Structure formats: C-alpha cells, structure tokens
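Coming up is one lone chain in structure tokens, specifically the form predicted alone.
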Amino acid sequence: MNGLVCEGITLRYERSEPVISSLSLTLEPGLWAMVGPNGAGKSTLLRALAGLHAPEAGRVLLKGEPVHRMAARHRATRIAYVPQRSSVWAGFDVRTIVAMGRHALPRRDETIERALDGVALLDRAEEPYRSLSVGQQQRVTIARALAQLDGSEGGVLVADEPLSAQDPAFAARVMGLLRGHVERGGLVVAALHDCTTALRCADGGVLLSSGGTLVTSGPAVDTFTPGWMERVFGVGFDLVRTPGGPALLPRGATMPL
C-alpha cells in the first residue's frame, strides 16, 4: 500500500471532546478532496495525516510506518503540508521561503525556480514575503511544498483549503499543479469548500459531518452526490450538467437573471 491508512484514529485537543473519533480511512495515490461543514475536524484530520497531530488512539500509516513517529527530517522527505493560514512571520524573501522546503534535502536551485514559476511568482522571488497579498502568500506556501516533494517517489501533499484565497484563474492553476504531482505518482489530500471543484477535479472524496464522523469515502463521483451532500449539510443539492462538467448547487443558491 503506497498511500495513507488511518486505523481507528481518535484526535482531540487537551481537555476537549474528541474532534475525530475512531476513524478508519484508506487513501491511495491520487487527488482526494475532503469536504465537510465548518467544525467537522477537517484541519485536525489533515494535520494528523501530515504527522503533526498524534492520535490519542489508532494510527496513521504511510507504507506501513506510523507518520507521527517518523523523525521530522525523514517525514519531510515524504510528506509536505500546506496550512490554511501562513505561519511565517520573519522578514524572509519569497525565494527563501520556498527554499525552506528543501531543508531536509539537497538544495537544488532549479527545483526552487520551477516551483516559483509554477505559481507565477518567479518575478517576485526577491521581494519580502510579508509584502505579498494573502493569495500570493498562499501560493508561496504551495510552491514550498512542491519544492519539498520534487523528486520524491509517491510523496504525500496535504493541503488545507489551498484555493481559499485564489481568484478563479489561479485556483485553476493551483489545481493543475496538484494534479501534476499526482501524475508523477504522488498523493494529494486537500480540504475544499467548493463542492463542484471537488466533484470535477478529485479522483476520490472524503465526506465528514459535524462531530468528526466519516460519512463516506471513495470515488469522487460516488461521494459528492446530492444525497450524501444533503445528509451532511442539511440542505438540498442539485446536480447540474454544464458544458464544463457536472456542478453541485445548493438549492436556493441561484438567482434568476
């Protein structure tokens, strides 16, 4: 098994109720979209998949090895994490931030250049990271993860809302970069709010409900259906066929022109 396996994991923060309880899940190489309402535990589960949150019970395995027990440098050669919000505060320039993705690996300038070019920020490489917009900062973080996994065989990229600050053009570009990693044999797990993007772009889907319960997982076309979505979000959905592909629309979301 070259993907990630969750074996009955329970996740909680100190003195809190469990965020995720007894969850079992298998994620094979491909692009997986994780969808669920606010507070469903998506971010916590993603951190556990990346080895950054140790389960209270159960295990997360990558090729049979518990990820939270891996040495940090070893894990960094196999798993990259893109947080929902930037945690960089020092006065680094853009190129330095991306180069940090190679801290556990030999530095390769061509890898860093390629990652910057991929997110259309090569011309901003020498600028202070803090001078960029939120969306541009998010793209720097994605570039850092791609640089980190460059050359890895079956590397895992875990991304928490990687499209949240992107305009439509860059959202499409980012999804193309994630798809490119998959085509090189990798695994991507990304939390998404846009159900239509999840349905159209993902190979597999993970659907969580409030309380951190896994409702269903499997092929995206079988996971992101009007029936499952209504069960999770409590609102009806329509599956609409468009020239660009299927679209999932919550009822009442459209207005007459």
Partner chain sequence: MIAIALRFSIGSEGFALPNRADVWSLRLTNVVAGVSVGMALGVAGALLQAILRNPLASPFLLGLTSGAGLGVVVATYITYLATGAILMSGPPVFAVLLGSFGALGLVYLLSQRRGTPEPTSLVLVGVIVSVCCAALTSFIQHLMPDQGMAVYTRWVMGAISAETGTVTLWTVAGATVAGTLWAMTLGDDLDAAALSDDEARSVGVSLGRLRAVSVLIAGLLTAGSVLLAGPIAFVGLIAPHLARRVAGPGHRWGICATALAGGALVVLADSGVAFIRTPSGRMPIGVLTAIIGGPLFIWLLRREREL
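For clarity, every value in this text was computed on a predicted model and none was experimentally measured. Residue numbers count along the first chain shown, from 1.
Separately, the form predicted in complex with its partner chain exists; it is not shown, and the next lines address it.
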(Q) I'd like to know if Arg75 sits close to its partner chain in the predicted complex, meaning any non-hydrogen atom pair within 4.5 angstroms. (A) yes
Q | Ser152 within 4.5 Å of its partner chain in the predicted complex, heavy atoms | A | no
Q) Does at least one non-hydrogen atom of Val134 fall within 4.5 angstroms of its partner chain in the predicted complex? A) no
Q.
Can you tell me whether Ser164 touches its partner chain? I mean in the predicted complex, with a 4.5 angstroms heavy atom cut-off.
A. no
Q: Counting non-hydrogen atoms within 4.5 angstroms of its partner chain in the predicted complex, say which of Val221, Ala57, Val215, Leu52 makes the cut.
A: Leu52
Q. With its partner chain left out of view, which of Arg47, Arg231, His193, His68 would have a heavy atom within 4.5 Å of it in the predicted complex?
A. Arg47
**Q.** Option from 99-107, 167-175, 115-123, 183-191 whose residues, in the predicted complex, bring a heavy atom within 4.5 Å of its partner chain
**A.** 99-107
**Q.** its partner chain in the predicted complex - contacting residues of 127-158, heavy atom within 4.5 Å
**A.** Arg130, Thr141, Arg144, Gln148
